[in-house]
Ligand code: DQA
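So this first bit is one chain, no partners, the form predicted on its own, shown in structure tokens.
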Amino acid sequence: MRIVIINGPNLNLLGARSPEVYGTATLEDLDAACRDWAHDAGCEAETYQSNHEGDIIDRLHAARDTDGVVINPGALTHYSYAVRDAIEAIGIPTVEVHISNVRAREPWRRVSVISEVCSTTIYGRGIVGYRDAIRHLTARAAWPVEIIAYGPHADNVGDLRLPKGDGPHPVAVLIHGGFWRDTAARDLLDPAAVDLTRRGWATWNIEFARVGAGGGWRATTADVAAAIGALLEFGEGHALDLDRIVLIGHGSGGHLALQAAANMREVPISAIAALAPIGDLEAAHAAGIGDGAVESFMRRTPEQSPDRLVAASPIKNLPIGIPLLIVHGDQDAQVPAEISRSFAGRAADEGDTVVYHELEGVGHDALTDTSTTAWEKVVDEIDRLR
């Protein structure tokens, strides 16, 4: 698989231009990192940068013989319908990437005429967004995916992948993390979705409203419930086994999985796999996770809204009444393992069936990184939930 990485105007000044916004990595650093990330993903990447719109269009035209494009158009993002038309014309899967969180900057930076012809847009993750774009393209190429809308809004969609064979297939509902913020999206779990589908699971990798894009504890949890409930509408027509539905959530997605199972009974959820979950919002807020993530999600601090805390925090809604698998790394620098350790103990005390694993030497992202031994341990446990 061959991928072209295209960077637009002013990106040659990376490392020198506004490092507080774009970071200290130079374009040369970025190009080298992209080649390494592509190699790790089993593909080859060619890098290109130009400050000239016509040259970028010519490079897009030349990309017709490749398998994917990652493009950061710079300021051309906001007005270049010529670049947009070139992307549409070549018909190659393309990911739009921005290093900074353009949705939280000046209003004019929030406009993209490129996004609608791209398979996804990644922003606000620093240069790591390029890695995620490469992984997204390789995942899309690795296994067919059907994008299904479950509601009226742009984020009310999910990716359905079906394993080989006639079915009915057990269903893994994937709920991504990212502290509930809109800089995170379902592409983070693309590699996990592909690996689980290869292992015989139908995967439903869902998107939902997030903080910064219409989300918050009410809207976000409502979307997740609607996405899970949609399985009852299209499941039979896709040979899904609706008696074997497992929710798999990572980080804040683990919170959403636990909370969905606690609140909805119309869908027969058979088990939950919560990976480094934020199971206790009060403890997470006290620990300062995600630089105010809990407060942003709840729209106020837990102390200011004890009623919301009861409604939004899984530890306040025990027992859940569904078998729980909880996995956490003891080197997690984003969500302290103590939160899961305490949650698992409380859930067991309240009568829930709980399997808890704390993996030695493992950090937060390793639990969903399919190249790690941590993921192998996680997926082996998930397979036991069929």
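For clarity, every value in this text was computed on a predicted model and none was experimentally measured. The first residue of the sequence shown is number 1, and the count goes up from there.
Heads up, the form predicted in complex with the named molecule isn't pictured, but that's what we're talking about next.
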Which one of these stretches, 142 to 150, 85 to 93, 98 to 106, 256 to 264, sits within 4.5 Å of the named molecule in the predicted complex when only heavy atoms are counted?
-> 98 to 106
Ok, Gly74, Pro302, Pro191, Pro170: which has a heavy atom sitting within 4.5 Å of the named molecule in the predicted complex?
-> Gly74
Exactly one of His78, His238, Arg308, Arg218 has a non-hydrogen atom within 4.5 Å of the named molecule in the predicted complex; which residue is it?
-> His78
In the predicted complex, Leu11 touching the named molecule (heavy atom, 4.5 Å) | yes
Answer for Trp375 alone: is it within 4.5 Å of the named molecule in the predicted complex, judged on heavy atom distances?
-> no
Could you list which residues of 17 to 36 come within 4.5 Å of the named molecule in the predicted complex, counting heavy atoms only?
-> Arg17, Tyr22
